[in-house]
Each structure stands twice: as C-alpha cells, then as structure tokens.
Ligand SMILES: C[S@@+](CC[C@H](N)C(=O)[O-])C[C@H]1O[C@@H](n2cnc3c(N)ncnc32)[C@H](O)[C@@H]1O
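First, one chain by itself: the form predicted alone, in structure tokens.
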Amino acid sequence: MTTKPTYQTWIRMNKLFIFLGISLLLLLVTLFPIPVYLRLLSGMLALPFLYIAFILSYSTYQFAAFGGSYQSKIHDVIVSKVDDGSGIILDIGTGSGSLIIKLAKRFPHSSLTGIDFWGQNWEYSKGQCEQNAEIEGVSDRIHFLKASASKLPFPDAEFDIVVSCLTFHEVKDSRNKTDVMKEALRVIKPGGTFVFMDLFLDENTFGKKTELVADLTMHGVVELKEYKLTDILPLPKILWNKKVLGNAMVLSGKKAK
C-alpha cells in the first residue's frame, strides 16, 4: 500500500487530453502542403480548443497539491462552515475522499458516510477512497457507498450534517438540480445542518438565485446563509472563469425542527 493518499482534482484528465489532442492535430494540419486557406482555417479552428486545454491545464495545476492546492483550500472553507461535527455526517459526491477525510480528522467523534456514483467518466473510485481513509487513519469511522445523489439510499432524517461540494450540477439522472438538493435535505434530521458548495449562480443549471433560495426556504430551510466563493477565498483570476468557479457559491443553513 502507498504511504501517501491520492486525491484527484475535479478536472477530468481524459477531457483535458481530448481538447489538447484536437488542438495539436489541427495545428499539425497547418504544416501540411495544402492550400493556404485550409491551413489558416485549421489554425483558427485550433484556437478555441487550445484555449479550453489551457484553462483545464491551469485549473488542474491550481487545484492540485503540487500547485495552488485550491481544491483542498475550498474543502477547508466547507469544513470551517460546519459548526459542530460530532454527529452523523453525510458527504454527497465524495470523489476521492478529500473532504470527508478532512471532516473526519477535524471532528474525531463523528461517524461519516460518503456516497458517490463513481462513474466511468471520472478518475475516482470507492477503492481509492477506502485506501485514502486508511492511510489517513480514519477508515474506522467512514463508510463509503456507491449511490446517486438523486436517490439517496437512506431513510428520512438520518444525518445530523450533510455536506456536498460541486456535485449537484453533475447529477445526470435528474434534470432538476433543485430536486437533487431537496433529496439531500430529506435525509437531514430536524435541526440538522448542511453546507453545500456548487455553481449556484449558474442560472442555466439552478435557475435564478432568488428563486432557488425561496424554494429551499419553502422546503424547510432556516438560517440560510449565502457566500460567493470569490468573496471568501481569494482565487487566481482564471479560476474566476464562469466555466470553472466563477459561479461557485456556498450555501449553509439548518433544517427546521
């Protein structure tokens, strides 16, 4: 077994390589002995793919531990919003386990469950989470389970705390992302708390923020607090991009008793 945990970034490397490969292929075409207008066209077509590849590459560097470590810093922000983590905690979209392991280490008397779909499009796995938890010395308090965030395999009011980071917008088996959030609220005990971080300012995904907040309030959320990520954590300018974290927001609150 390795002696260091392995935490993947949110950037899918296969996606990065696809855009990089297409851009390099189009640039290679410009070297072929073909009409000039075709070489110019190929070069112009390469530009957006190069731009996306650059954004993905730079974001990967900034999220990774060998770079800016901003993925870990964002998880630290979420942990800091958990007032009392001594109860039963659920992490929705646990990825490679970074957030849930931070919570387990911060709150040594907690019992935790991490769920993720761990689909083939992602470079995460349940086994990787279990290995990371064992390396970090918290495997005895964390249970990992494969499940969809849209259909949580838990009864109502099961958890004291529910957290989630950049997961709701990725759920493919529910078009209405607010419904996925309501499913997360369903499993919180009355008086329990939540901390969600996602692209809540993206109206194409979550609708207008005022309507989202009103919907959650009608669903029994009280003491709702909103934090735009760029206001509470200084980020490199490129990460402000709307396709990266420009629409990111932290929502925290309680479920009414």
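Start at 1 with the first residue shown and count on from there. Treat the numbers as computed from the prediction; the structure is a model and nothing was measured.
The next section is about a form of this same protein that is not shown, the form predicted together with the ligand.
Colleague: Based on heavy atom distances of 4.5 Å or less, which listed stretch (136-144, 120-128, 79-87, 154-162) is in contact with the ligand in the model of the complex?
Modeller: That would be stretch 120-128.
Colleague: Just to be sure I understand the contacts: of 181, 115, 101, 112, which is the one whose heavy atoms reach within 4.5 angstroms of the ligand in the model of the complex?
Modeller: Flagged contact: 115.
Colleague: Would you say all of 10, 71 and 75 touch the ligand in the model of the complex, counting a heavy atom within 4.5 Å as a touch?
Modeller: Answer is yes for this spot.
Colleague: Evaluate residue 167 for contact with the ligand in the model of the complex, applying a 4.5 angstroms cut-off between non-hydrogen atoms, and reply yes or no.
Modeller: Heavy-atom contact with the ligand at 4.5 Å: present for residue 167.
Colleague: Mark residue 94 yes when one of its heavy atoms lies within 4.5 Å of a heavy atom of the ligand in the model of the complex, and no otherwise.
Modeller: Residue 94: contacts the ligand in the model of the complex.
Colleague: Spell out, yes or no, whether the shortest heavy atom distance between residue 187 and the ligand in the model of the complex is within 4.5 Å.
Modeller: Residue 187: no contact with the ligand in the model of the complex.
Colleague: Mind listing which residues of 135-163 have a heavy atom within 4.5 Å of the ligand in the model of the complex?
Modeller: Heavy-atom contacts to the ligand in the model of the complex: 147, 148, 149.
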